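Just so you know, structure 1 and structure 2 below are the same protein chain in two forms, each on its own as structure tokens.
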Structure 1
């Protein structure tokens, strides 16, 4: 039967398109989509589920290396001096029959530039000399590897639909705007070019197309708040490899919707977080398997400008009391390799540590294993004392701590409760406040909370640091923002001038932002990673308390030939691609011919 679970009622069994005797791949989609969406990929309500399955990127980046790509719409690319020349796959068509050319790429770059996208900060100009060639000119100081990363991962949208939004002088305005923005952001916004970009963006974001014209392996059939139905498109360049007649995404807007689909076998695949109970109940079913892949970092950011968290010893003491091992067990249970992953609090994910630091260096990092005695010693040396079972600060007031996290992630709420218990019994009166996610940033920036939860995910280790220690900007750091609503607030409030091991006294947010934008993989990057890792590890501006695991549950009832798993369900390359990239990883699995309907 088509699609599985939802279709058990007679009323719905009827309309099945002609060719699919095989079932559509049914995906229980974590976090899903909202009650309103737009088929306009420039809109923030664009359903991300359609990414890469309908609109292809130029290339897919494969972790852990920063320089590995699998070509998609681009067939190859090479550096010529200051230029990155991208050659496009020839003979491709869009789903409306028009040809795929360099104009599609050019228009996409121009239009995404109006919303501050497509990494225009990496290049000064883009041109399309021939129908299957696009040339990006690197901004002075930006290494070619950074430019490649910034450009190739973008999805391309059809000029036949969006070309009409490109105003005659947009290319020059764009160049002028970004040249100015590199020097002075607010002057750029107020310039004529900036206003022209805004006008284009306003029009673009209000456009609401009735149907989708993509060029990926699938074509959109229909979408409701409950499901997205995609059917295979034979015009896709690698269509012969794609095994699925179609895909049904089911909206798992909260995880508890997905669990019964897994247990009741009405879905084939899920990317939702699986609590220990669900994992163990899936373990008892022979058709279910779980792939476990490393993913982003969970960090708790201190309000470094507020007393007593401006004291390094206090931050270190708290790091010693955080029961990270128990917290990880509370989230992932003892099943699978999850329990084993307990990162060093150095701002890097475990696999990054291995890629950029030597074993000798890693050994020098303080693991901050649970040690209340060390925490006690640190607090006492900072002038704190115990009164009964509570710590009193040198100013005579009780030592309290407030932690703000996102309420929608119940796994995080749960494991933070473990931490609160530990901090409380250590004598720090801790309150946990779980609030809707969109509110975390204002609290963090304006300093309402003592500690706030922030996640980071990057392939570039310097960006991983810049995402927290940098200024608010293209890299999204939190330290002394200069742009937007929080300009002038302190945010993380670390520094701004601090003594960074190996670098000496530097302006932290400026330095890390510049390095993240200009340093390519190599010796210098390794050296800098070691410097910043030591800073985070020694001065603890934030605590990296967990390495999030992606748990992919897949069923062999209707579909077989899933990408292989390593020992203990440990992810192999394709699963890691999925974990880092999301949909592009799925695309790679399909291009490898994986996930085949059972005969």
Structure 2
């Protein structure tokens, strides 16, 4: 199934050979990379800019449907009983000339399973009966739509490079571990199979290959602290559609580095946050355009295991002090905004609320409008008191708060500065620490910060909750993870047993992971979305303060035939694909012949 508008392509796409002398597409992307990196996609130092341009997924998921995909390495798939049979595109090669086969998919699934990825919670086994066919057997109770979503989006890596890490019994250990994990994750982690998986992942994540052997439209030429250079690879199955001779990613480690590139017209595209002053400057240039696309939620996660943030009233009080509207307006202005205020923090974006909750349900949600009086009443009822202008905790110590934010996300830093001023004025002495992005998750998982920033985006609303409240999920989950780099850490530390409206007392990470894996769209999903939305809204394990709207600045000086825009720069299908997927969305634009060098 293809998303709406994906079949539209620019007319009369010129042959690639006509653009041999064309400049490489220059990408000034925000949130770049640090001074060290690894060419190992299983390493935490893997540069994400290479995703889906060097290594391809089986398919690209397209919004807004949970079941819409565009084939990539897979040519087709279908359900056969409780099996998902994936047929691979024939004749594909890796960039070293070796054939792409089902062994690549099988080995990738096994190796990613050692760190809790590839959604092994959705299936009980994976086999490769033929060189061009892979079969995933659904775990009992897992809908086929859920299995498709969990399997097809994954990038595949060459067995010739990583297959040596597949130990002789890894397939059996993987099956044993995940079968046990479905019943008791703690027991599974401590089992022989769990320890075997951890040992494999430890060796795998430390491996440092000297070069990349991909299968996508581009090959890596070189990488420095300043740029990543990719050149077009003619062996890509859809190379005739790709109009760019290459891509240069410029290291936008700070948005302030990117703005001169835009104003000086030395870059062709950027996804960086655009403050009102930059928006105004670009609108005065006829060659610059800005697409506004739906994007993701910004969340601040409490360290729910650290006093006093283990108290629901304290978390609610902070939600009442957060000046969400002021934070968004101060950062994004009112012209060409890059974000919208979250109307009522519940873990869902407004468009997802409207899809899964009724108007009557939405009306019941607490908007947490700015209300210091309510915050004061909550803290006093929890035993806090004011000493002068500062709050004192029941244990007699001053109430302080530390917030960790990624330093390169200057819009988030600016928003948080507004929040810090509000918290300080209320009497909670707050420290803002802007740190490299590579440190955000480690500090969150190991409990260094009181609050940490994360983003969430998913077409499946239950997976949206699981991405924070669960142990697993596409982003790993942040609540009591049991596999991978942060196995054994508390992360979010919410629960794990808590009272969920409509469900009663349950193990939160286990329950949301199971539901996200087993519940397909329908009435049951709608009810569960309402249950979890009430949990987030009432108990505030994290605060969702805004819904990010991606601002994509693109120039028509060197490149033309960008995907069209709707009224007032609103995104059309391909721009929303880019906003949801990142590089996979860019890949779809290229596969449809868009973004062509000027003759």
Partner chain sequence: MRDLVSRLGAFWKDLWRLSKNDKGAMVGGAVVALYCVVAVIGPYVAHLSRVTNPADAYLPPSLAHPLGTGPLGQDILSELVVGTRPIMEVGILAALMTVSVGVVIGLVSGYLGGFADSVLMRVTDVFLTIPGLALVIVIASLVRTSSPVVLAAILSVTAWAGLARAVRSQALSLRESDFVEAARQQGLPLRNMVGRQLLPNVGPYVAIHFLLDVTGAIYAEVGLFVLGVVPISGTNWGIMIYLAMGQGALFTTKSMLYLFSPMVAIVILQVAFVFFTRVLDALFNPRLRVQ
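Heads up, when I say rigid core I mean the largest set of C-alphas that superpose within 1.5 Å between the two forms. Given the structure is predicted, the values throughout are model-derived calculations rather than measurements. Positions refer to the first chain, counted from 1.
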Identity of the form predicted in complex with its partner chain, given as 1 or 2 = 1
Selected hinge residue, from 261, 548, 156, 451, for two rigid parts turning between the two structures = 548
In degrees, the rigid-body rotation of the smaller part relative to the larger between the two structures is 23
Let me know the CA shift of residue 428 between the two structures in Å, rounded to one decimal, core fitted.
-> 11.0
